[in-house]
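Let's start with one chain on its own, the form predicted on its own, as structure tokens.
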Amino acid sequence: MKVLKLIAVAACILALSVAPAMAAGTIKIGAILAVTGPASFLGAPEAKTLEMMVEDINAKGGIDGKKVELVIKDSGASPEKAVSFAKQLIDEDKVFAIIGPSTSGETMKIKDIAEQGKTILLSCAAAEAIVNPVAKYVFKTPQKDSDAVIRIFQQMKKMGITKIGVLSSNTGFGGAGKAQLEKLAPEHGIQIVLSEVYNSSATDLTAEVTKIKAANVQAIVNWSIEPAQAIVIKNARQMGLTIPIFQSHGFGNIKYVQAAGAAAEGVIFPAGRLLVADTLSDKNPQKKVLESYKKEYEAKYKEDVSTFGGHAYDAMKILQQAIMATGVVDKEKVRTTIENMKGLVGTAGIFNFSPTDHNGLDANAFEMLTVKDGKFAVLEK
């Protein structure tokens, strides 16, 4: 009996000594981002944003007292690498959730891996196919392709444009956008006279733009996330095309404007309000969040904020809020909490998720922007 009592006492002491360690544990979060490579304009600001946020979260005591351990994998925008990293993060690193990938093609490749591994995936990519059909563990923070297309077509109607040429890159994002443009054009009175797909790594698109010019269209829509989208603009203007050029919401990094130079003047595209935060009314519910993120990011990294970094910001904020609201680091409960989250103010818009909507945003999350004097500005209505 005496021995049993001693064992019991020892067990209690051990439990007391272990409890604080358990309470002070970590939450391991993985991220698959195109930090380098053709999509680095997306992945680099996303990685910087997550590092900044995790540093701030941990400095304030973590999430519910638990420090966050961030494990970033640089995919270089390679779907093959994304697949390998997803398996590694889930099977070996045992992460609680994954943020990213940066691109739609990568996300589509690992969507099933996240489902099978029952691991929350908060994608920073835009293609609608990521969340349609809905997958239990997969969410995304950028606005939907279809809503971007609708806002573009609405603007075209105001401008009297009915015949267009479409250029798109041979990527998951490019293909998804092309599909939505073709699907929605008829109901908006738009005729796609010519549609050309180009290599995402192209350094000259004169041939494709020449075909567009010959088709005698009223406007060009380019759907891409790579540096090639700046080449489209330059080639079009070099050939004397003065018609309006519309870009997708993948144009939301000022570096694309800088790459295109003077040719970018007047380009029109839909984007979240982060790029024009300082012009918003003080009554806008997003303004405080946008200005806070913009100020912190630009002060830390000495570069302009982009909508892409904002997608990572939203992903981390959603995950953080869900864990705090749940009160326990439990994948299933946190997943359910995200799925039912309402009114979360992010950089891309105000998120209202549901079991049938794992994006949580609508067309109102977009503002129509243009390039004016080398900077982003709200398009005059």
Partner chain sequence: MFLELFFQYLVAGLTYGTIYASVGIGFNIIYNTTGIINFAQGEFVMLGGMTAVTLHAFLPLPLAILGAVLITMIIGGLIEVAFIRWLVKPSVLRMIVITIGISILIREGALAVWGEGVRSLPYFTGNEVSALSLGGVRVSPQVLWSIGVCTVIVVLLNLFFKFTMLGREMRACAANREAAALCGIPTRNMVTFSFVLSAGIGALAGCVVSPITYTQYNVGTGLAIKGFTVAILGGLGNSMAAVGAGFILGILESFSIWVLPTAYKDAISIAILLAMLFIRPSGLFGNKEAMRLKDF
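Nothing here was measured: the structure is a model prediction, and the numbers come from that model. Residue numbers count along the first chain shown, from 1.
Unshown form predicted in complex with its partner chain; subsequent notes refer to it.
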Has each of K283, M341 and N364 got a heavy atom lying within 4.5 angstroms of its partner chain in the model of the complex? no
Work out which of I268, L205, M108, A277 lies within 4.5 Å of its partner chain in the model of the complex, going by heavy atoms. L205
None of K213, K73, K294, K178 but one has a heavy atom within 4.5 Å of its partner chain in the model of the complex; the exception is K213
Although the partner isn't part of this model, could you tell me whether A348 comes within 4.5 Å of its partner chain in the model of the complex, counting any heavy atom of the residue? no
Answer yes if any heavy atom of N58 is within 4.5 Å of a heavy atom of its partner chain in the model of the complex; otherwise answer no. no
Within 4.5 Å, heavy atoms only: does F308 come near its partner chain in the model of the complex? no
Does G117 make contact with its partner chain in the model of the complex, using a 4.5 Å heavy atom cut-off? no
Hey, of 325-333, 50-58, 352-360, 32-40, which bit sits against its partner chain in the model of the complex at 4.5 Å between non-hydrogen atoms? 32-40
Contacts with its partner chain in the model of the complex, stretch 247-262 (heavy atom within 4.5 Å): K255, A259, A260, G261, A262
